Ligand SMILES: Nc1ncnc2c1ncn2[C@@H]1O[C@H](COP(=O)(O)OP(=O)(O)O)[C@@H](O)[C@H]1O
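Below you'll find only one chain, the form predicted alone, shown as structure tokens.
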């Protein structure tokens, strides 16, 4: 059974159909990619799954739960975590402090205001900081833990945002252009991280403009355009699809199809 099920979702902004009958699924341990030109509806889809945007039609299921009407914080506690197209970190805080907020999101109560709203229990704080340092170490960010994120390059800031998401202990991780600003070794590290998370059973939904990165790192791929799913298939099948040229050239795409 799929861990995430998006069923016939529709979102309208005024007279514009941002999503029109979109469906997809992601299983645990699977990496699913979404390709499409700018304005295709990719980020809106992640907003709907994470609870930021409420669909006018359709259903979102996580495991056996219908989460369509569930608020963002409740979905986070069920294991939904994401990064954003525009990095959303607190620039005046350090790497460690930003990532610690991921641990905080799992707390139901007992928070105090100390700038970071850290866990009330000293023991809980110690355990959270230990968890943060373990995640930072796994991403090669340990030496930067006391560095304000505002001073870091974009690619590194995106890694910090991923680290914060991982501290939410997600069962579903959604990455919205996480590779933007990365190249070379850092991009390879991101690919290796995605593979490692999938092996551990995490369901991963990936949006990237880097088509080659998606083809190289995803088990299954959807192509979206004009708010509709236009094609779906394995990476090998999508590589052969003529719709890829439309994505590269920014042309309108249409005609939903399953790619064999």
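Positions refer to the first chain, counted from 1. Here the structure is a predicted model, which is why all the values come from computation and not from measurement.
The form predicted in complex with the named molecule is left out here; the points below concern that form.
This chain is displayed without the named molecule, yet in the model of the complex the stretch 37-45 from 231-239, 37-45, 193-201, 213-221 comes within 4.5 Å of it by heavy atoms.
Among 85, 92, 151, 142, the residue placing a heavy atom within 4.5 Å of the named molecule in the model of the complex is 85. When contacts are judged by a 4.5 Å heavy atom cut-off, residue 9 does not count as touching the named molecule in the model of the complex.
Of the heavy atoms in residue 18, some are within 4.5 Å of the named molecule in the model of the complex.
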